[in-house]
Ligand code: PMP
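Take a look at this one chain, the form predicted alone, written out in structure tokens.
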Amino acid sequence: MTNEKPKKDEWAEPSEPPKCLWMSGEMVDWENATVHASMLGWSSISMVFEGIRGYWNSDQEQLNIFRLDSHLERLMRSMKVMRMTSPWSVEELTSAVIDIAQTNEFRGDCYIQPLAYFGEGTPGYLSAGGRPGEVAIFSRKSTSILGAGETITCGVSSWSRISDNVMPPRVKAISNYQNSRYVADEMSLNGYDFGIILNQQGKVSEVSYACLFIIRDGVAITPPVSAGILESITREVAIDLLRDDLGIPVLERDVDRTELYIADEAFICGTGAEIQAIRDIDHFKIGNGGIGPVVAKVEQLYHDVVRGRGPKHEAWLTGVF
């Protein structure tokens, strides 16, 4: 990593395009990767996707893709809920992701995004009927914020989280992210970095684009999957690191809004967000307003794991070169 601190949202900013991407079984030059304008809108209604990070280890000259198998398995589950069948297996998509990283010669951190959508014969708002989906895999350079030493602010949004009987939040679907965009716009206008979303029962669900943990009396607490959160892979990793590596008890249970204000520490986690400490929520200072001891430990441990420093969690990594 460089000494310059990256911006919190730099992972989402556009960068120089790569040489090529993978579209439905073929490697396609970036400038030739097009779809017809008539597919705009309707193809996005049922589109599902994944966000996957690759981390460069300069000592080993290796690009490690983090939890690739878990991301692609979740993509398959998301496609199933959308009644979209996949012409490609997890193994075939794994090979495609590695080919993209190799072909684009990524010698630094990267962000990989598979998209699955209905191509020809897009059903629009009509029944999908189990049609096969098209898959495109994009990739680009990215910048990690791990180790930057920054903290974030959060506010509780006036928008509620979508429920499982409306738009299943456990599915990583493009349509679901309109919920988070409303929250993000509101928080931006109110001067916060991220928004915390309450579910239909008034309990804490998640943060826009990320999951949430609080620390109270030495225990890490996070809302359960049934609270309307995405079935987050990074959340699962954080639970494992806290419980198994750091020996910190973890509870998955409902969290009240005011419980956030009296937390000793709090942090968000996600593929894009990585691990970030929260310094205040609704202008209530969390702990001492900095990075607390538990969050500091889990962030450093996460940083070491994704970079491939140490053998303990090497099964979570897929080497490219």
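So that there is no doubt, residue numbering starts at 1 and follows the sequence shown. Owing to the predicted nature of the structure, the values given are computational and were not obtained by experimental measurement.
This next part talks about the form predicted in complex with the ligand, which is not shown.
Figure note: of the listed segments 87-95, 208-216, 133-141, 244-252, the one touching the ligand in the predicted bound form, with heavy atoms no more than 4.5 Å away, is 208-216. The ligand in the predicted bound form comes within 4.5 Å of no heavy atom belonging to residue 54.
Within 4.5 Å of any heavy atom of the ligand in the predicted bound form lies no heavy atom of residue 62. Contact check for residue 203: no non-hydrogen atom falls within 4.5 Å of the ligand in the predicted bound form. When the ligand is considered in the predicted bound form, residue 295 lies well away from it, no heavy atom lying within 4.5 Å. Distance criterion of 4.5 Å from any heavy atom to the ligand in the predicted bound form singles out 230 from the list 112, 230, 116, 196. In sequence order, 71, 74 are the residues of 57-83 having a heavy atom within 4.5 Å of the ligand in the predicted bound form; the partner itself is omitted from this view.
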